[in-house]
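First, one chain by itself: the form predicted on its own, in structure tokens.
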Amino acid sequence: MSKQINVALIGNPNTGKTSVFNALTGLNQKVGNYPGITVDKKEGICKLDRGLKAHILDLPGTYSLNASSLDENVVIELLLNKNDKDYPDIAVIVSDVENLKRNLLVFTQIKDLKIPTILVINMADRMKSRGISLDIDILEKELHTKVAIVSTRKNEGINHLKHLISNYKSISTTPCLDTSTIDQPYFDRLKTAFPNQELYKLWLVISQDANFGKMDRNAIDISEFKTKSKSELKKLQQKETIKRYQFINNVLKIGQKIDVSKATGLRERLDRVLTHKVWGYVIFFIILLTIFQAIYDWATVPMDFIDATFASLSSWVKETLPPGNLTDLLAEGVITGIGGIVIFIPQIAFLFLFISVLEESGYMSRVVFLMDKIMRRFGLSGKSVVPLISGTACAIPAIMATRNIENWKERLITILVTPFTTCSARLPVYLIIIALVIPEGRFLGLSYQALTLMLLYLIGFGMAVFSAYILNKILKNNRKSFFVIEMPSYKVPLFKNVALTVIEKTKTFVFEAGKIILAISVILWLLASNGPGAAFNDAEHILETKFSSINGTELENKIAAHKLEHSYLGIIGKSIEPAIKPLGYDWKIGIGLVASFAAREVFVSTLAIIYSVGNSYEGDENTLKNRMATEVHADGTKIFTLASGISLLLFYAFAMQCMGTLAIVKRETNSWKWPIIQLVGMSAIAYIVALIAFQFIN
């Protein structure tokens, strides 16, 4: 059996840590959460020399071991807890060749913990263009480590890095410098009090507010040794940082040379345009338009193919398998329900593709910088921009990202308004309704459908900002925090990173949604296929007597419609119809609204099941879009009109229909008060806006 070692991948944000992780692990990776907390945990397996395997943990980005956020606490707690199953045999510190001075701070701190530590200098392909040269021998000697020069873009240095990891036992654990000299008497007393503990480990436990309860079995009781006040400890931390930077400066004076004339240029010129107070917003708006137009134009063919394929598969199952409940469940429940979400994979994948490209290129940081100016006018922190923008993928990790906001009121406001941002779960609902009610014409080369989609995204973001302004007034948040963001260098996105991101996020979306949809599909089919009383059980006799002049498919469809209306599902839908009728919805749409409280994307698969149960469609009519287009009220008028469609789009733009998000809000606020306020408030706003829209347009 081959041995496995733990490798912790650590580094500042924007150093290319994810690129190194992807280069080492490829597709052998998974994303989860740390036990008990909602912080992303990426881990993967890498094969090394002599059959050795490395379990690689990609830790959250951190600038130092002086924690200021939950993400950074995760790094420290792991490095201080030798009993943790993920405690590293070796730490790999990823640095950016252009920001080596800043990146080395956390390196010197981890070296003080006496963990074998390798320094990776990433983005080496930029050294020549930036006029940077390094003396690796000097760096290795002064830093007491091994250095790997890596370019993930050109796939250079990865094998050397794997070789260094394999030989981790030969890596020196000697600290880079002696930081105890910042207050020698204090550290001498500390060493005397705890002779069996690492000195720097003790200092980290004493100087920080992090929860180190799980640090090890022989818990260190430091309560009697806290002889300094918080302000005094903070001053010592500052002295420590200064001392470390003095050491780093001295090392880089002899180990690094920079041609200043080459170090500036294109980046500064691009920043002047992309962060301009006018042109910056214009360019961002054009990029958004392009993205939404591309989502529609590029995804049409694969979506039509998937829709037709699932329709054919459902028909094939009905025709091939013996008639009965199992066949109906497979054809009308499972296949139809899953098809209702799989059809949107192309557009969701394209959305993640564009987001990944913007992040990889370094442009997204400029967007955050631009939006900070707007946020402050509405009472939000600049740090609120990150959750609001990341909410376009999913509100759950976006709400987790608010943990970087120190001011509780600013953080609470951000948590409450983030779900207004259009997430990928809303995309299936938007796309099917837009396709039904918005014509296919173009304006200035842009389709009406793409413009409508972008408008929905802007409406969601606008409502988030407006709600934040109102909440800021109600909660009387007068304390403002400062926002500092790092502007990474511009770079051409690495294809491998983009591809892995798209595959991973699309797969997560499909499988997470798929589990919910499969369960709900079975329940909905059972409720739609069974009912109480004679109205359901004697449907054939009732309809054959009533419509004696018709037969064949038309009669079968009438029987199916009658049974559905008098099924358990129909009874539920009919009971809520009076409340939603003013919005332009019938009882079938009502069932979709109720079902989608589990997850918004369930709405589409719910309608797919409702419209397919017992009905016989042929050819193109069997596709979901066409079945929805032919739905009519009792008076023969179409259900999906411009008025009802816009009403439905606006309802989903504002409604809080995601149980997972509510659970995370409860967890983050430690109270059911705020998620209940969020649920009631957003639902009320959605209902009122949808009502006004339908009554005005109709």
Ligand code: GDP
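Since the model is a prediction, treat every value here as computed from it, not as a measurement. Just count from 1 along the sequence shown to find any residue number.
The next section is about a form of this same protein that is not shown, the form predicted together with guanosine-5'-diphosphate.
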Exercise. Taking the shortest heavy atom distance, is Ser529 within 4.5 Å of guanosine-5'-diphosphate in the predicted bound form?
Worked result: no
Check your understanding: Leu494: heavy atom within 4.5 Å of guanosine-5'-diphosphate in the predicted bound form?
Key -> yes
Do Glu360 and guanosine-5'-diphosphate come within 4.5 Å of each other in the predicted bound form, heavy atoms counted?
yes
Q: Verify the contact flag for Gln678: yes if a non-hydrogen atom of it lies within 4.5 Å of a non-hydrogen atom of guanosine-5'-diphosphate in the predicted bound form, no if not.
A: no
If we test each of Glu140, Glu540, Asp89, Asp125 for a heavy atom within 4.5 Å of guanosine-5'-diphosphate in the predicted bound form, the one that passes is Asp125
Heavy atom within 4.5 Å of guanosine-5'-diphosphate in the predicted bound form, from candidates Ser151, Ser315, Thr392, Ser180, belongs to Ser151
Note: guanosine-5'-diphosphate not shown here; in the predicted bound form, the stretch from 117 to 125, 317 to 325, 595 to 603, 365 to 373 having heavy atoms within 4.5 Å of it is 117 to 125
Within 174 to 190, the residues having any heavy atom within 4.5 Å of guanosine-5'-diphosphate in the predicted bound form are none
